[in-house]
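Take a look at this single chain in structure tokens; it is the form predicted on its own.
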């Protein structure tokens, strides 16, 4: 006989599943109501439609390693014969559950991720061999203690707070080498240089395709909406690597035909926008959708759920395990522009490069309420962009829909101001 607590938990699971399905479908409705979406995007729309309708079932033939930040090297997990799964959630339905564990002012990503793991505890408990938490976020570190109480094995991956010194680089390399050894114990599989070399090559192909897709966004003729780019990269969190690569190849082929025939996805005069700050993760794509509903187009981004996720590849000299592990560490540290690092002037440089390479006319800075590093760094970024003559709109938001009206009004006004700037030139 079920206890009262078990019955309450079962009711909560059922209600969350229903709200999750509705939330996913609503976001997909907004994504697909844009006219003339690329046909190749149907793969990604269907992937998330099936996921949110039928639930996220983890692989049963391999161990799953949950990751809560892109700083965790997926290459090592694949080489250990396991499957990496990004645990960061964008679902408001899960955030509401996580609110039972987290303070009211905490980050919605952390609340939603905690809620997701709590709801799926019985379903995922045995499949998830470990949840890896890099020390990039204080809230995620404290969340790890809650996950342990739920029964999840938690692994703390220590990351330095700076990337500019040899000491920091050495510290991170040692962390990655230790992670390599510990992964073998967690999975029961040996990581060999041959396996790791193969996986690095596979993921380098993912990076190559992403960079090619990103290059197509530079076109004067707008070829693809930013809201679709964020869906493609959200799919990378959960899809099989080979399937994702094939779907992206088909998308690139279609967009290249569009470019050759000068076919535009939207108004050719749409203001060209860059989105930076807290990461858009499906189904929370409300800011990108609002920007493009208002007549802008997001042609570039600097977020950890998109550009930072796949842009950089691993470069090593010798194909031995020690050198490749060190090269992996460098790949995940050197290009990092996360506000958890201090100083973080490299982020200013990266944004300036993207503004120039993608002919950006305005920047949307999204900061989730409760994410202090992104909130604190917005002033520095605003000053940098102001000196470059690029306007920036700062939006503080969360996963709820309560601020949609206010956000829409501000975004529309910002886009109109960019059009007015054009007319004055």
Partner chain sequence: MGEIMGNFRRAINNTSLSRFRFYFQAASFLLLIYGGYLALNLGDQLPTFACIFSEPRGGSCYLFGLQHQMTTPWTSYLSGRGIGLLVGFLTFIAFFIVFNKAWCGFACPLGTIQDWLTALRARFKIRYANYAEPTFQRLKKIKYILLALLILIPMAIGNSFFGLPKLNHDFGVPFCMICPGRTILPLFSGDFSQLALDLSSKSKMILTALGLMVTGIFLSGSFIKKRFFCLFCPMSAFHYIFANAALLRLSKDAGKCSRCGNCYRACDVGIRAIADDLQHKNIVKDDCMLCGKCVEMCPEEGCLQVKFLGLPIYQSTAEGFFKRMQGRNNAK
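It should be emphasised that the depicted structure is a prediction, and the values quoted were computed from it without experimental measurement. Numbering follows the first chain given and starts at 1.
Missing here is the form predicted in complex with the partner chain; even so, the following discussion is about that form.
Checklist entry - Any chance 54, 86 and 406 all have a heavy atom within 4.5 Å of the partner chain in the predicted bound form? => result Judged in the predicted bound form, none of 54, 86 and 406 sits within 4.5 Å of the partner chain.
Item to check | Stretch from 94 to 102, 341 to 349, 181 to 189, 299 to 307 whose residues place a heavy atom within 4.5 Å of the partner chain in the predicted bound form | outcome: Residues of 341 to 349 come within 4.5 Å of the partner.
Next on the checklist: Just to confirm, with a 4.5 Å cut-off on non-hydrogen atoms, which of 267, 322, 161, 243 contacts the partner chain in the predicted bound form?
Outcome noted: Spelling it out, the residue with a heavy atom inside the cut-off is 322.
Checklist entry - Using a 4.5 Å cut on heavy atoms, which of 148, 142, 220, 334 is close to the partner chain in the predicted bound form? => result Result of the distance check: 334.
Next on the checklist: Under a 4.5 Å heavy atom criterion, is residue 194 part of the interface with the partner chain in the predicted bound form?
Outcome noted: Flag for residue 194 set to yes.
Checklist entry - Does any heavy atom of residue 238 come within 4.5 Å of a heavy atom of the partner chain in the predicted bound form? => result It does not: once the partner chain is placed as it appears in the predicted bound form, residue 238 has no heavy atom within 4.5 Å of it.
Next on the checklist: Within 4.5 Å, heavy atoms only: does residue 313 come near the partner chain in the predicted bound form?
Outcome noted: Contact check for residue 313: yes, within 4.5 Å of the partner chain in the predicted bound form.
Item to check | Contact label in the predicted bound form: residue 204 to the partner chain, heavy atom within 4.5 Å | outcome: So residue 204 counts as contacting the partner chain.
Checklist entry - Since the partner is left out here, which residues of 152 to 180 would have a heavy atom within 4.5 Å of the partner chain in the predicted bound form? => result Sequence-ordered list: 163, 164, 165, 166, 169, 173.
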